[in-house]
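Just the one chain here, the form predicted alone, laid out as structure tokens.
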Amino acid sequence: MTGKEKVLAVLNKEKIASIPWLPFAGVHSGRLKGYTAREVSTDAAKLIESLREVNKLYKPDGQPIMFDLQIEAEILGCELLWSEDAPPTVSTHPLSDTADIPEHIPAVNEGRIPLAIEAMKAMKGEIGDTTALYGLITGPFTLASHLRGTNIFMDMIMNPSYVTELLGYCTKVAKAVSTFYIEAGMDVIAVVDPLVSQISPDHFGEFMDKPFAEVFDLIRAAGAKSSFFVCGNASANIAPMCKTRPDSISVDENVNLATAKKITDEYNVVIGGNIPLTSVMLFGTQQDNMKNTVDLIDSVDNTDLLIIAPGCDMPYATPVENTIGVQQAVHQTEQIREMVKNYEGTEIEFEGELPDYNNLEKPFIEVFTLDSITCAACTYMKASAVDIKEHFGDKIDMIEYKYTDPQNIARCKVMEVKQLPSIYINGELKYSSIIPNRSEFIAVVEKCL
């Protein structure tokens, strides 16, 4: 079977002999050809050249064209902060001070949509017969958050009708962009919505059921397959996600894949994931990546309805040999299992000192993130902490620890941080993969003053 046939067979719920491999090489693709993240996000020729290299080196069964959750937001008025080694991030929120609902729906010739479509059509012509191609769109809730900012979490409590209306608008945007990408030849549309992991199942049921079901129904009616892609600790929302009828779900390292798969199997939904991005793919050895992948495969009860993939967009500087190691572990599992059966990796040692939390001069907020520049859920978790810091000023201290620093990985282990993003106050966990609303956060800090 070709890689494309394997991916589509699994998404059609057919039993096949091997597991598909789906590397989320977004801006990392540019590094393979010496291009910056910004170059492959703005130059179609460089993007296409980089995508060819991904296909050549990593032998994917499925391959995304662009991993950029800001394309729609940029068209709708959000300003972007650009980086040379990471995707752009949203830096302004046009609805932060107004309860208006936009009316404009992006057109096929707006913003960077033409760039994405040019790359899609080119890759469809070159590898579309052998590789399942993924078009990634921004999910309704994350797009609404880009437009509204952290206010949306308070809106869900204080002004739910506005949230419903705003999500309705963002659903129209998602359906329009999905249609553009399907017409450009994409086999699978991944609806990427990291912020879904930051809300409760009750809020998911209240606000998200209808928008996501509408998007997945449209994708299905157009003859393509769908993936519900969420980052962060979405464990509590796996079943609600399945009920919106996607063909597949993709999760990151915050979710126990074996546990989640028991749920997705009940709903006959494919699950994809969830190789750790930084501790393994970025900072690990090739053997670490091989062993982690074999262990991940062995952790599930069965390998039906399963796709192996990184937990999210791969870090720009991910070593090539590490990704090749994952590919080999997926495609040659038995041989690699024998190769690494006695391998034991080494953990990063924490070289610093933890604060003396019992004798702090003032409350200390610590925000543990994957990376607030590249992870949308982390962006908004940190933004909520920054807002609280601005509110209290010098009365409190605040710091972010990014998981992209090896010492912060070690710090997380010493602190026993289980999920990212998380907020600790004075050394105690206060919020884990749930972005707090502003008034609640202020009240919690006031008790510490």
Partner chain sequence: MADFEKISELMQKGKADEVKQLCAEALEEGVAPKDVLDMALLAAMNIVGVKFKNNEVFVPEVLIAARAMNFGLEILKPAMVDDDIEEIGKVVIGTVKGDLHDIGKNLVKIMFEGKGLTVIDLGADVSAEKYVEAASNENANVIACSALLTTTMTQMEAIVKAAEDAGIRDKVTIMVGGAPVTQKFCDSIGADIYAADAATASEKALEVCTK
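Since we're looking at a predicted model, the values are computed, not measured. Positions refer to the first chain, counted from 1.
We do not show the form predicted in complex with its partner chain, though everything after this point is about it.
A heavy atom within 4.5 Å of its partner chain in the predicted bound form is found for exactly one of 374, 142, 250, 198: 198.
Checking 109, 130, 91, 299 for any heavy atom within 4.5 Å of its partner chain in the predicted bound form turns up a single hit: 91. Under a 4.5 angstroms non-hydrogen atom cutoff, its partner chain in the predicted bound form has residue 158 among its neighbouring residues.
Though the partner is left out of this view, residue 274 does not reach within 4.5 Å of its partner chain in the predicted bound form, counting heavy atoms only.
Contact check for residue 153: a non-hydrogen atom falls within 4.5 Å of its partner chain in the predicted bound form. Residue contact with its partner chain in the predicted bound form: residue 292 places no heavy atom within 4.5 Å of it. Residue heavy atoms within 4.5 Å of its partner chain in the predicted bound form occur in exactly one stretch of 374-382, 119-127, 348-356, 83-91, and that stretch is 83-91. In the predicted bound form, not one residue of 29-46 has a heavy atom within 4.5 Å of its partner chain.
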